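Only one chain is given next, in structure tokens, and it is the form predicted alone.
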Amino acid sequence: MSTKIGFIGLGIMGRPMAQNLMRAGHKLWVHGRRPTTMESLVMEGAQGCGSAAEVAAHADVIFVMVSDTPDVEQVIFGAGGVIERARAGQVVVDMSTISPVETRRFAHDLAAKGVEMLDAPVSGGEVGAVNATLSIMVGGKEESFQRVKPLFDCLGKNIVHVGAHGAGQVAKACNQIVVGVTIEAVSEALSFARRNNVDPAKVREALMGGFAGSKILEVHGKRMLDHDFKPGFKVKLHQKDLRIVMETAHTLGMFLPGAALVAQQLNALIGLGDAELDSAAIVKNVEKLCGLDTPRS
């Protein structure tokens, strides 16, 4: 059965996700802050909207996929936002990566209008969005999750209802800690090999067959060997995610030294003008500090 779906945020992730929902037979009302982002979807049959409020006037389930916590707040509660045309019985599904603390506040404020919310951040990058193979980590009520689950199935393969409001964002923060610290570890390992005049490609090949093997070593390790930092996940977005981690850790009084180190590495890349590179570019910092600042051919 087709569901009336709204999709707000049509960037590198949002556009292919919206396309996959359309290809599954659902009618979409879409809105992008830059009107040009709607063009290809409108050509495929979506209805373009001039505001998030207009999307909310038509859709039963409203997906949001924007960059950061303030963006989500603006889309939902700002001028021309979802809240202006929201009605009881709708579900807002925020697939952005934002603060778990603010997520709980947003869910509370939407509930006052009879609107349910799910936080459902994703992992898998642009490739996962295009191929509908995303991992989706969901927080919110079980009944809301079950209602939206058939739509999640159009977007991803590993879909887990983690817990109550904010739990999906906490799971995504955990994901970003593991990914970031592992990128740092791979950067250090390959730089250590080079500094000892051992072929880092052969070291990577050897490590892939043991306990050190990982998706990060496979994918990001290859990027590091090739010095190919065309973004799959940009430094500036990973920096934002680690900022959320460290702010939450600060609030809770938590000791996260590995995450703190990676946050500083990403800050340094931003300062060097590398915000648009893939976060595997952390290896550039490590190489320079190890006296290996000449890129490999």
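Model, not experiment: these values are computed from the prediction. Position 1 is the first residue in the sequence shown; the rest follow in order.
Below, we refer to the form predicted in complex with another copy of the chain, which is not included among the displayed structures.
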| query | finding |
| --- | --- |
| Contact stretch among 109-117, 200-208, 144-152, 86-94 - heavy atom within 4.5 Å of another copy of the chain in the model of the complex | 200-208 |
| Candidate spot Arg104, Ala185 and Val286, all three touching another copy of the chain in the model of the complex (heavy atom, 4.5 Å) | yes |
| Ala167: touches another copy of the chain in the model of the complex, heavy atom cutoff 4.5 angstroms | yes |
| Contact test in the model of the complex: Gly213 vs another copy of the chain, heavy atoms, 4.5 Å | yes |
| Residue contact check: Phe192 to another copy of the chain in the model of the complex, 4.5 Å heavy atom | yes |
| 4.5 Å heavy atom contact, Leu252 and another copy of the chain in the model of the complex | yes |
| Among the candidates Leu237, Leu41, Leu269, Ala259, the residue which, in the model of the complex, approaches another copy of the chain to within 4.5 Å (heavy atoms) | Ala259 |
| Selected contact from Thr37, Thr248, Ser67, Ser51, since only one has a non-hydrogen atom within 4.5 angstroms of another copy of the chain in the model of the complex | Thr248 |
| Any residue of 146-179 that, in the model of the complex, places a heavy atom within 4.5 Å of another copy of the chain | Asn158, Val160, His161, Val162, Ala167, Val170, Ala171, Ala173, Cys174, Asn175, Ile177, Val178, Val179 |
